[in-house]
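A single chain comes next, written as structure tokens; it is the form predicted on its own.
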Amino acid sequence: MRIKDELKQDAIIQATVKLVNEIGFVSSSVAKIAREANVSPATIYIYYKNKEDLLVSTYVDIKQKLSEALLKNFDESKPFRDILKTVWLNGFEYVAKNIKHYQYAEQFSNSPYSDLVDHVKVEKHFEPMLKVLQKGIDQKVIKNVPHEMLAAFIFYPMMILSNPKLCKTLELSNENIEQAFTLAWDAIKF
């Protein structure tokens, strides 16, 4: 059995993201991904069972890295609004620096492959934020609505504004980012 190489695995993930973003899920064959990653197709099967496993694993990897980025400098002892603002600004920074990964994740989440993901496992990465949201609800700092609704008003505006394909004319100045956060905050505060 061959030993797994993290650099090769990362090259495979990067190639998967690039090809799926350029030509879509169906056209992104294992052979094309291998060629883009500069590995043999057999090498991909060392890391992944099949193409679907590769696509799902790439999505899960991106979500894990997103959760790590969002939770950078996370301090649940701070006031709720400050915690949320830190997470929000971290999200802007992550998407701006990893736009290709964000685009892959968006495309993936709207595809049939999304049904193959263990969403409970993925949500575990975001658990500290979910606990803080619940604490905000319990303390009547934010509205008592399902977490999915809160996420829609907190995070989707940030994801749309930081995506140059969706928001072509808005300059992402600090002032505009601050205004956008205030709008998101106003939407969820109690």
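Not measured: the values here are computed from a predicted model. When you see a residue number, it is the position in the sequence shown, counting from 1. For clarity, a rigid core is taken as the largest C-alpha set superposing within 1.5 Å between two forms.
A second form of this protein, the form predicted together with a further copy of the same chain, is not displayed here; the remarks below concern that form.
Contact annotation: residue 126 falls outside 4.5 Å of a further copy of the same chain in the predicted bound form, judged by heavy atom distances. When contacts are judged by a 4.5 Å heavy atom cut-off, residue 82 does not count as touching a further copy of the same chain in the predicted bound form. Remark: residue 115 counts among the residues lining a further copy of the same chain in the predicted bound form, judged by a heavy atom distance of 4.5 Å or less. Within this chain, residue 107 lines the site of a further copy of the same chain in the predicted bound form, having a heavy atom no more than 4.5 Å away. Stretch 158-166 is the contacting one of 34-42, 158-166, 128-136, 64-72, since its residues have non-hydrogen atoms within 4.5 Å of a further copy of the same chain in the predicted bound form. In summary, among the residues 141, 122, 46, 145, the only one with a non-hydrogen atom within 4.5 Å of a further copy of the same chain in the predicted bound form is 145. Along 68-90, a non-hydrogen atom within 4.5 Å of a further copy of the same chain in the predicted bound form is carried only by 88. After superposing the rigid core, the Cα of residue 50 is displaced by less than 2 Å between this form and the one not shown. Residue 145: CA moves 2 Å or more between this form and the one not shown after rigid-core fitting.
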